[in-house]
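The form predicted alone is given below as one chain in structure tokens.
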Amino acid sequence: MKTILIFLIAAASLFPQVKADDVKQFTLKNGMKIFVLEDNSIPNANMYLFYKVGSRNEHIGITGISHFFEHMMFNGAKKYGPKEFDRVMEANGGSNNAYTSENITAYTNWFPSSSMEVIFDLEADRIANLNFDPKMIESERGVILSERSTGLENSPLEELWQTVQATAFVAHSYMWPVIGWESDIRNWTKEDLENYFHTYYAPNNCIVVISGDVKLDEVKRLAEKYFEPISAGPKPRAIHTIEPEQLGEKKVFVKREVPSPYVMITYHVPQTGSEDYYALNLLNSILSAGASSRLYSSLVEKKQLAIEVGTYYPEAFDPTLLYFYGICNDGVLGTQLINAIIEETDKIIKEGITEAELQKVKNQKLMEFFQTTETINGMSNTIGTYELFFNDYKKLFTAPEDYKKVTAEDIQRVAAKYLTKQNRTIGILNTEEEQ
């Protein structure tokens, strides 16, 4: 215990190298919020654009449309035509990436600081003048349909995940996969795409984070030159649907030819930033982070019931799910693994956890946090994530202390509160249904 505490204190002294006041912010006349962190340790910079749109903003008929724009945003605008975005960026020493979740769509660019004006020009062009050429739409529609079918073909777990998710939720738009349903993907219209884009890809629905070898005044000058002339869009419709309380255990079976059963259990849990967030996050780590975690050490190593087991607690604007998943070992029934997972969570509810176990995962979290924030890319992403999901980027600077405050009793309490029979959905994917 003493060694762990000494290491925790030493690691905490490394963070934050950056202070909350080092992050500067301003808002353009069109509502776009921009955050700047000056760091001249390397002659490079990073820009994240976070659009507050994901699959939760969709409705039946247009599911998957948020993910579609992750593709379309690289396919040409007014000044920079098809495939020019990547070509121009690479010619200026930069690279990029993007991701879509249930809640947000993010685009990130890495570049030499000397190329910053080019990056502003590229981003402004596709925000203001994205090309909705019908041929390009159909081309990307085909790419996404292929991505969806290939993903399901290659991953039984993904197929089970979609089914369990759609069963656990009955009202909220978290019920469908980010990639969308096939019939919706096939039937989006050009009008659907244009309406969605002009609402959710408007500057007033975007926050930008720029870190690295930049100066606040220069960022502000370029933002006013390239981003401010873009008109604000209509205010996006608020998501007001509240998922009703689950009133009983749900079970679902998916029939598919597989060597061994796949299993999943989900529990309804609060959104990111809730009062129970840090305790749930640490509980998630206690259950599945590393070979010494509860589930892995018991079910993979000791009992050999599973070849893979894990948990997942996603970032979310609204109440979400804590996922448990596993792949059975040879000869093991899905129900056996399900019961063994529940037995492990019941142990925490009844007996709690040890202080050494808690300090171990706190140590893991602190080091993960430090490793993430020691790069300009990690810092940009973390600033944006806290601004969006915690409603204040400054809360990232108190995160180590917030983790430190969690007690073993807090872990036991949230396990008892949320990991209940009434609150869970169970899914099994197998060649034949178990009798």
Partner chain sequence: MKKIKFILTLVTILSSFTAGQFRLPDYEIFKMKNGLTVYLMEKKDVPLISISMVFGGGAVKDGKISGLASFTAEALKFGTAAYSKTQIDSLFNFYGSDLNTYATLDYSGLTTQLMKENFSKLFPVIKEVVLNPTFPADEIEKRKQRWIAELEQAKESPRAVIQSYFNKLIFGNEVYANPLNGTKAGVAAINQKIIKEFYQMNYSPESSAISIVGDFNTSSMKSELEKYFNQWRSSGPQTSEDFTIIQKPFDKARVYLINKENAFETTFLIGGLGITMSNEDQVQIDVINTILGGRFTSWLNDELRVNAGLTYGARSRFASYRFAGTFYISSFTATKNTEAALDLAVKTYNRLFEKGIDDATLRSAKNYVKGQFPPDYETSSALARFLTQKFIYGLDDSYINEFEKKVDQLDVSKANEIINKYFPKENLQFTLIGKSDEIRKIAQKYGELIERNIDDDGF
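Values in this document were obtained by computation on a predicted structure and should not be read as measured data. Positions refer to the first chain, counted from 1. Superpose the two forms; the largest set of C-alphas matching within 1.5 Å is the rigid core.
Another form, the form predicted together with the partner chain, is not on view; read the next lines as being about it.
Undergrad: Considering the partner chain in the model of the complex, which of 320, 103, 260, 311 comes within 4.5 Å of it through any heavy atom?
TA: None of the other options qualify; the answer is 260.
Undergrad: With the partner chain left out of view, which of 130, 222, 166, 98 would have a heavy atom within 4.5 Å of it in the model of the complex?
TA: It is 98 that has a heavy atom within 4.5 Å of the partner.
Undergrad: Looking at the partner-bound form in the model of the complex, is residue 370 within 4.5 Å of the partner chain by any heavy atom?
TA: Residue 370: yes, in contact with the partner chain in the model of the complex.
Undergrad: In the model of the complex, does residue 272 have a heavy atom within 4.5 Å of the partner chain?
TA: Output for residue 272 is no: heavy atoms all beyond 4.5 Å of the partner chain.
Undergrad: Hey, in the model of the complex, does residue 233 get a heavy atom within 4.5 angstroms of the partner chain?
TA: Contact with the partner chain, no.
Undergrad: Classify residue 329 as contacting or not contacting the partner chain in the model of the complex by the rule of any non-hydrogen atom within 4.5 angstroms, answering yes or no.
TA: Although the partner chain is absent here, residue 329 would touch it in the model of the complex, with heavy atoms inside 4.5 Å.
Undergrad: Which one, 359 to 367, 167 to 175, 196 to 204, 236 to 244, holds residues whose non-hydrogen atoms are within 4.5 Å of the partner chain in the model of the complex?
TA: Answer to the contact question: 359 to 367.
Undergrad: Does the partner chain come within 4.5 Å of a heavy atom in each of 25, 27 and 61 in the model of the complex?
TA: Contact check failed for every one of 25, 27 and 61.
Undergrad: Out of 231 to 248, which residues reach within 4.5 Å of the partner chain in the model of the complex, heavy atoms considered?
TA: The stretch does not touch the partner at all.
Undergrad: Does residue 41 move appreciably between the shown form and the other one, meaning a CA displacement of 2 Å or more on the superposed rigid core?
TA: After core superposition, the C-alpha of residue 41 moves 2 Å or more between the shown form and the other one.
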